[in-house]
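Only one chain is shown below, in C-alpha cells, and it's the form predicted alone.
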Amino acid sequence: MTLRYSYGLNQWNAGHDRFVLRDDHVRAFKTLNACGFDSVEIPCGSGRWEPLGRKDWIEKFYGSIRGLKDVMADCGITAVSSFIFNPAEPIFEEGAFGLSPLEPAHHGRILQTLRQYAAILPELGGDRLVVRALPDWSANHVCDTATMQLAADCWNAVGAMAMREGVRLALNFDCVTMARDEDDMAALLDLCDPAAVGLSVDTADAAIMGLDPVALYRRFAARVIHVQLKNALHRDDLGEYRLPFPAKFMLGGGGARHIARWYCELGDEDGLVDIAEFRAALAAGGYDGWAVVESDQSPEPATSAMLNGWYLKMRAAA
C-alpha cells in the first residue's frame, strides 16, 4: 500500500469573511506542514471571498498557478492533491446558480467548468478531481437505472476529459445525497467507465448514513481512487437527510437533536469510525493513492490539524 496524506482546506473556509487573505492561506499551510502534512485538498469556489477556488481567482491573488505553488512550497506544502466540486453550489462568474448531473442541459456547463481544474492539477502536483456525484435526496428522484444513466452520462464525459489531462475523476457520496446505500452507489458506478471514473470513500459521511466504511471500501476496492479520512459523532437515525436544504438544517443547524457538530477528529474516543480498522482494510486491499484528512465543522481548524497529525504519527503508524 502506498498511502499519501493530504489535508482538506474546507474547514478553514466556514464563512464568506474567513480564509480570504494570503496571510490566512500562509498560516494554514505552515500549520499543516508543522502537523506533518505536505499536501492539501482545495474546495472549488466562486467569488473573491474564495480566491483558491477557481483558476482565475488564483491568478488574480497569486499572479499565476506557479505563484501559488511557490507560496505553498515556501510553507512546506508540495502538492494540491485534489479539487472537490459540488455542482449545486453557485458559480457567479458563469451565471450558474445550481447545476445538476441529472439535467442533460447542464452537462456541457459542468464539463466546461471542470476543465480548468483538470488542467491545473498536474502543475500543482495533484491528480484527483472529486465531484459530488448526485444531488440531495428528493421525493422527485429515485435511484433507478434511468436516473443513474443521466448522471453517468455527465460523469463519463467529465472523466474522459480529465483523463486526457492525466487526472482521474472520483465520485463522492456525502451523507445527504439521494444515494442512500451501497446498492445506489453501485448502480451509478456500474454505468461509469472504470478507466475514467472511480469512487471517493468518505468514512465519516458513510458512518452518518449508517453505512460501515470498512465494508463500503471492501465492496468497491477496485473502484476506490480517493479517500476522505475523517470521523463522525452521530448517525442520522431520524432520516433528516430528507429535510429541505439538509446541509443547512441538518448538518449546520443540527436537526431536531440540535447536534452541535456531526464530525470529529480521527482519534476521538466517541468517534463512530474505527480509523485503524479502515487503514488496515486499505492495506489489505492494496489501496494506492491519496487519503485526505478532514475535520469538518471544526471550531478550531488548527487544533484539529494538530490532533489529526498526532494521531497519524503516533497511533496509526504504530
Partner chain sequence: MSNIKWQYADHWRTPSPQGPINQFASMREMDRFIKQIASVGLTGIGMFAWNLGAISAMFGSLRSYREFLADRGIEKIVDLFWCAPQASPGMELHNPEHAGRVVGMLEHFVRLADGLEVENLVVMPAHCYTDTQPVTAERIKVLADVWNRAGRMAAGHGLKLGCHHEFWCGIRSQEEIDLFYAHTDSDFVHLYIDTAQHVIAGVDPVALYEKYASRVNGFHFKDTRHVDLVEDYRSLPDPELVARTTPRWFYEMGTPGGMVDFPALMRALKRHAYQGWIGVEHDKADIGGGSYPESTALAMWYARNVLSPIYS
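Treat the numbers as computed from the prediction; the structure is a model and nothing was measured. Residue numbers count along the first chain shown, from 1.
In what follows, reference is made to the form predicted together with its partner chain, a form of this protein that is not presented.
Residue stretch of 279-287, 246-254, 29-37, 43-51 approaching its partner chain in the predicted complex, non-hydrogen atom distance within 4.5 Å: Of the options, only 29-37 has residues within 4.5 Å of the partner.
- prompt: Though only this chain appears here, would Asp274 touch its partner chain in the predicted complex if you measure heavy atom gaps against 4.5 Å?
  reply: Asp274: no contact with its partner chain in the predicted complex.
query: Do Ala302 and its partner chain come within 4.5 Å of each other in the predicted complex, heavy atoms counted?
result: Ala302 belongs to the contact set for its partner chain.
task: Look up in the predicted complex whether Ala160 has a non-hydrogen atom within 4.5 angstroms of its partner chain, and give yes or no.
output: No.
- prompt: Any of the heavy atoms of Leu307 lying within 4.5 Å of its partner chain in the predicted complex?
  reply: Yes, Leu307 lies within 4.5 Å of its partner chain in the predicted complex.
- request: Can you work out whether its partner chain is within 4.5 angstroms of a heavy atom in all three of Arg4, Val214 and Asp237 in the predicted complex?
  value: Heavy-atom distance to its partner chain in the predicted complex: none of the three under 4.5 Å.
field: The unique member of Leu191, Cys75, Ala88, Leu150 whose heavy atoms fall within 4.5 Å of its partner chain in the predicted complex
entry: By the 4.5 Å heavy-atom cutoff, the listed residue in contact is Cys75.
field: Within 265-280, the residues that have a heavy atom no more than 4.5 Å from its partner chain in the predicted complex
entry: Counting only heavy atoms within 4.5 Å of its partner chain in the predicted complex, the contacting residues of 265-280 are Glu265, Asp268, Glu269, Asp270.
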